[in-house]
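Below sits a lone chain in structure tokens, taken as the form predicted on its own.
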Amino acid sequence: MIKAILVFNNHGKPRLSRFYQYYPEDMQQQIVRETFHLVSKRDDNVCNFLEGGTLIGGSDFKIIYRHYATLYFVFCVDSSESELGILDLIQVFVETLDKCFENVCELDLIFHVDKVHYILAELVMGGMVLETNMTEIITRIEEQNKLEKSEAGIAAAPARAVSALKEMNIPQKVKDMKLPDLPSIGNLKF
């Protein structure tokens, strides 16, 4: 099972963190720092697997990572997961991000965090791998984009109604309105 998915830059700034087991927020930050220190000091030509840090579960857990340009993609998993399977999952995640953002970079992860989490949710949910077929994932993302665009039309309806009211020039219409003559109060009997 996947315990956590972390993405951070070369300076250790987290750009994405998803924990599938509860940790208090301060513990999550310590896990990110410890994981960064474990993977950042390793050479690029060494194995991409290592034993989990003391905070994430020790030797019962593995850290599997890939370093792409300025970002580290790290999956913290238990011993039942296949290292090569997780490396393939990282590759699918990165390629999917690359297709969705057209040459993904760190800024895409910062400014489109909701979309990145949606893509990740298509791959992994509750620590279990859901889908590894990139075309299937891209199809779901395109469906989500169409849905968002159609909802944007609905969401824009109140703004269109307000602008239509402004164009009606209501104060002038009130002045031009003809009201029937009302009887004077003096003629009424109680």
Partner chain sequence: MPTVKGDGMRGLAVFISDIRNCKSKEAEIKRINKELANIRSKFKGDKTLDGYQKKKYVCKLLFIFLLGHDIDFGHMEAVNLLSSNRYTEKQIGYLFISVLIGANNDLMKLVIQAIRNDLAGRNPIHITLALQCVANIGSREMAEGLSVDIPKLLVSGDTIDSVKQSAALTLLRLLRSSPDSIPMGEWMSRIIHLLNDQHMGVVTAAASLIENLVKKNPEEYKGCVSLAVSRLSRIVTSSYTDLQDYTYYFVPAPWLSVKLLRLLQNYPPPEDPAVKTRLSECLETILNKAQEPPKSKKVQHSNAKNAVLFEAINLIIHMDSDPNLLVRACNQLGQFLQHRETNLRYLALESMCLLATSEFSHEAVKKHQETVITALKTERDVSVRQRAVDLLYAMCDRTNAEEIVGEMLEYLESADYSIREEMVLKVAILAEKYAVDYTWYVDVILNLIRIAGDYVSEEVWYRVIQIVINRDDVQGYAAKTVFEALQAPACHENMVKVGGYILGEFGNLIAGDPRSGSAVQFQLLHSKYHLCSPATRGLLLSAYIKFINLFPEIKHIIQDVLRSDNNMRNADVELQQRSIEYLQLSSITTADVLATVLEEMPPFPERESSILAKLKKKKPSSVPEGSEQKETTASKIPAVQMSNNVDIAPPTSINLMSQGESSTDDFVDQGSPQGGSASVDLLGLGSPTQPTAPSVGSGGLLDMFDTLTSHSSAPATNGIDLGGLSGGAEEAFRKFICKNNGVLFENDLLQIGVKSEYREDLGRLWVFYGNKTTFQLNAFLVDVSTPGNLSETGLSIQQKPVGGEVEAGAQVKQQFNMACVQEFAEAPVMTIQFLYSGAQQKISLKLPVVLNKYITPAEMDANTFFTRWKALNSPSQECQQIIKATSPIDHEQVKAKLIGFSVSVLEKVDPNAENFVSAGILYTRNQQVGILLRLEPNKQAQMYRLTVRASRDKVAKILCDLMQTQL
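Note that this is a predicted model, so its numbers are computed, not measured. Residue numbers count along the first chain shown, from 1.
The same protein also exists as the form predicted in complex with its partner chain; that form is not shown, yet it is the one meant from here on.
- Proximity of Arg42 to its partner chain in the model of the complex falls within the 4.5 Å heavy atom cutoff.
- In the model of the complex, none of the heavy atoms of His11 sits within 4.5 Å of a heavy atom of its partner chain.
- Although the partner is absent from this view, Tyr72 stays clear of its partner chain in the model of the complex, with no non-hydrogen atom inside 4.5 angstroms.
- The shortest heavy atom separation between Arg66 and its partner chain in the model of the complex is within 4.5 Å.
- Looking at 94-114, the residues that come within 4.5 Å of its partner chain in the model of the complex, counting any heavy atom, are Glu95, Lys99, Cys100, Phe101, Glu102, Leu107, Asp108, Ile110, Phe111, His112, Val113, Asp114.
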